[in-house]
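The chain below stands alone and is given in structure tokens; this is the form predicted on its own.
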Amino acid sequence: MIFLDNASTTPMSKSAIENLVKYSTENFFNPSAIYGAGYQNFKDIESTKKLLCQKLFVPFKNNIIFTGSATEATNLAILGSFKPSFKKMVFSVGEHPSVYNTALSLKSKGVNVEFVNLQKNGEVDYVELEKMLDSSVNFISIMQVSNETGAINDIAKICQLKKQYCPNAILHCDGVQAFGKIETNLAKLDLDFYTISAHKLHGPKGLGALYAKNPNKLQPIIFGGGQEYNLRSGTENLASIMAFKTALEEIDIQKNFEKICALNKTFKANLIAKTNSKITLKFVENQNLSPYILSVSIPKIKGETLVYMCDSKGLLVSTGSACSAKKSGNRILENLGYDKTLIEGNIRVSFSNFSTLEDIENGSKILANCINELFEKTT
């Protein structure tokens, strides 16, 4: 099996699995317990938070909150900072469902929520965003890397616009597809909240994290025993946190980035070369894309059918975000101006540091053969 759907999840690293087992069977003690073994686990969790802050280039000041998922982390950032006095909240139309649907929920309750459109290259429309921002804006949420197209938003530019037009607004960034993959220095960015997911980085599922520059801006949305600085109650997922620490320690952003750039380039070139010359493959046109994600549309071919056929041949790719794969349409591609044929024929290929050149060569061959076979059936 060739797995090229790494934007949806990644396999756990061997060392992460070892730590997961260790902290599930040996060092399993409750971090809130007052005896020594429990307190040691509490300190181990704190060490993971410190490492996360190091990776983000910020000092550790009780500003990392572990959650059950990145979805929960984004909900905590949005709903935990929301106040009835908010006059306007701004989101991009390209946000992950965990952000976008939370925004729609607030809008349905009468909150003034506005959505900024995307440019044709997949990035947020900075000109439109600038027009939306004024002193009435209380909250902004723009993702760093699109989980659908790989487009990288200029977060530094967005921070500058916020500072110019609404300096007191809260700024949240979904960093799930960026953290650990492209260099992210929060010391240079005026962000209030930043969302992270463990299972996108060869860590375990069921663990997210929220960086909060000032945790005092948050109110809990889950109540209980007061864990995570009383912002996310519930016994800490110790084993997953410690497994994630090991995965973090193994990250070499620059080395991995160069490798993935080469794999992406090879896959795209092979796909174009092996696909019937009568077929025009549509790629997102942007020089500023994450190499970890390759979005391609094939006219006259349904992406869902293509995914099923690839699956039968031993290649796993997707039609887009796994969190919205079962829903019809694609609001992000629609916003980019894709017509119905291109949207229906879109698939996403995504890579990880575990991807090999053999995966790329064999995977691109399988995908091209499936495209050619389906094309012949439609003509």
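Residue positions are given as counts along the sequence shown, with the first one as 1. Owing to the predicted nature of the structure, the values given are computational and were not obtained by experimental measurement.
Note that the form predicted in complex with a further copy of the same chain isn't included here; everything after this is about it.
Q: Out of 137-145, 299-307, 122-130, 87-95, where are the residues with a heavy atom within 4.5 Å of a further copy of the same chain in the predicted complex?
A: Careful reading of the contacts points to 299-307.
Q: Heavy atom within 4.5 Å of a further copy of the same chain in the predicted complex: which of 246, 275, 184, 102?
A: Exactly one residue meets the criterion: 102.
Q: Of the options 117, 288, 160, 233, which one has a non-hydrogen atom that comes within 4.5 Å of a further copy of the same chain in the predicted complex?
A: Exactly one residue meets the criterion: 233.
Q: Given that the partner is absent here, does residue 356 sit within 4.5 Å of a further copy of the same chain in the predicted complex, heavy atoms only?
A: Residue 356 lies outside the contact set for a further copy of the same chain.
Q: Can any non-hydrogen atom of residue 366 be found within 4.5 angstroms of a further copy of the same chain in the predicted complex?
A: Flag for residue 366 set to no.
Q: Would you classify residue 335 as touching a further copy of the same chain in the predicted complex, given a 4.5 Å non-hydrogen atom cut-off?
A: Contact with a further copy of the same chain, no.
Q: Spell out, yes or no, whether the shortest heavy atom distance between residue 199 and a further copy of the same chain in the predicted complex is within 4.5 Å.
A: Within the cut-off, so yes.
Q: Does the trio 57, 267 and 314 actually contact a further copy of the same chain in the predicted complex, every residue with a heavy atom within 4.5 Å?
A: No: no residue has a heavy atom within 4.5 Å of the partner.
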